[in-house]
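Given next, in structure tokens, is a single chain: the form predicted on its own.
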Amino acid sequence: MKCFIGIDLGSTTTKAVVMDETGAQLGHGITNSRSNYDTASAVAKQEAFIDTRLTLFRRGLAGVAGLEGKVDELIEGLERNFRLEQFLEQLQDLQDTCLKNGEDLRFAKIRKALAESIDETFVRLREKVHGLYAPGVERKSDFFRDLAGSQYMQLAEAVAEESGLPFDAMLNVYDKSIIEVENRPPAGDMIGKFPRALHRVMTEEGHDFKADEDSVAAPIKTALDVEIEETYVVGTGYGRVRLPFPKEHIRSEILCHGLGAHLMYPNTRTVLDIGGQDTKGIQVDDTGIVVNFQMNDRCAAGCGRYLGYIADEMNLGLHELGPLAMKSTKNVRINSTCTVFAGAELRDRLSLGEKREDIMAGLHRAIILRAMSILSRSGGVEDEFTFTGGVAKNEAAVKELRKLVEENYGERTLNINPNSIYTGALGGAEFARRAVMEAA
């Protein structure tokens, strides 16, 4: 099966989209961006291919007797158990790497105690992992580093205290090791994991699938036998110059986001993308061709990196900022969206007795005000208007955007796709498809 791939190498996350010859989206993949951009693009692509297999499974299972109305539940369980096995493989890699790096310590007298403490930490960590992937459990993140890191910190501190070992030693070994593990794609047999994951799903307590395992396994095997051909790959994004592709396979973010938004919503005329390092206001015609654009040209003020810095200052997860801001009951004016000065202003506001939720709401409004200025310079907001990028998932940012667009331009249709973070990669995949299909 011919497939066309778009990869958007952003400053915080790298995304990939797999598309077939008809233009249908088959799979999406995302991972943390790393200093090793080759690895980031490889992992995102690998994740998109995993999602593509799940799409093929869903198609094959649609006609299986006994799965009526249960296909999505089965696919969810299949992916969950696949991710569990993948996580355990990476966890073993992390443990081995920690032990190796622990042996490199200059202080020989604690090496043995350190190795024993590392082993004990990972024993306890494995006991918790299955709970993270139990049916119905919501995880704060699906990135290995986030999940493994939060668990390791808690458990290692307790183990260090019990053993009398300095916690700093365990922390230093982990910090060095997680970078190494994160900078190599997950290994192991990807295809072989799915049959094992299926067996666990079909033998889990509580499911009510009426189909037996053999009848479900047959279409799964058929889908796994499909050969996925990487026909053409197009790269874009903040780090596109570092992508391992020839120059003719690279497209600008502006072009890819404009075309991607058009594919999602054909009536789109204005696109706002707030990424990790920049904000882009884009105007497109009725075919998705960019006719005008503007973007911030100096720094990442008011972008995803800024929000990440604020989250760190507030000791919150990035996903917690929007819900906290939505609880605001008072308008607080924030004067700066500069990352350099944000921390100082944040602390000043808190010292003056301002509530965290009111400060967060003010920060979100300041970010969107900056975005509105960029949109104005690009040509304003036409109907329809599409919001893309990771910040489009932030409910407080969306609330402020709706309000300011209506105040300045009247009623407009605002489109936000659940997969808006993949817009650039989607545009890249379509450019890849056209490069082959239009040349045929």
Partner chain sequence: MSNQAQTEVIKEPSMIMQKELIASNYDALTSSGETGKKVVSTFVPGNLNELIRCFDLVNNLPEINAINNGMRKKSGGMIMDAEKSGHSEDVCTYVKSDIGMMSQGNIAPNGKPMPRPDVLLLSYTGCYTFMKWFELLRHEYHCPTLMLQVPYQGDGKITRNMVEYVVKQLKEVVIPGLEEVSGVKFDIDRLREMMKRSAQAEDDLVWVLESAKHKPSPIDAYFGAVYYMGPIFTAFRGTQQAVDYYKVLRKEIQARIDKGQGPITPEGEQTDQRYRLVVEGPPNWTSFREFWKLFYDEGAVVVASTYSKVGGLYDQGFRHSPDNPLESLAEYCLGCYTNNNMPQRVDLIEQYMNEYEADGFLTNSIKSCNSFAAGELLMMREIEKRTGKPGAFIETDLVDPRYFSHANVKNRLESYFQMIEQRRGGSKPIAA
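Only a predicted model underlies this, so the values are computations on that prediction, with no experimental measurement involved. Numbering follows the first chain given and starts at 1.
We do not show the form predicted together with its partner chain, though everything after this point is about it.
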Is Ser215 a contact residue for its partner chain in the predicted complex, using a 4.5 Å heavy atom cut-off? no
Please determine whether Glu182 contacts its partner chain in the predicted complex, using a 4.5 Å cut-off between heavy atoms. no
Would Arg377 count as touching its partner chain in the predicted complex under a 4.5 Å heavy atom rule? yes
Wondering, does Val241 line up within 4.5 Å of its partner chain in the predicted complex on heavy atoms? yes
Would you kindly say which of Asn296, Ser163, Gln90, Ser328 lies with a heavy atom within 4.5 Å of its partner chain in the predicted complex? Asn296
Sole residue of Leu259, Ile367, Ile274, Leu307 within 4.5 Å of its partner chain in the predicted complex, by heavy atom: Leu259
Answer range among 282-290, 170-178, 206-214, 224-232 for contact with its partner chain, defined in the predicted complex as heavy atoms within 4.5 Å: 282-290
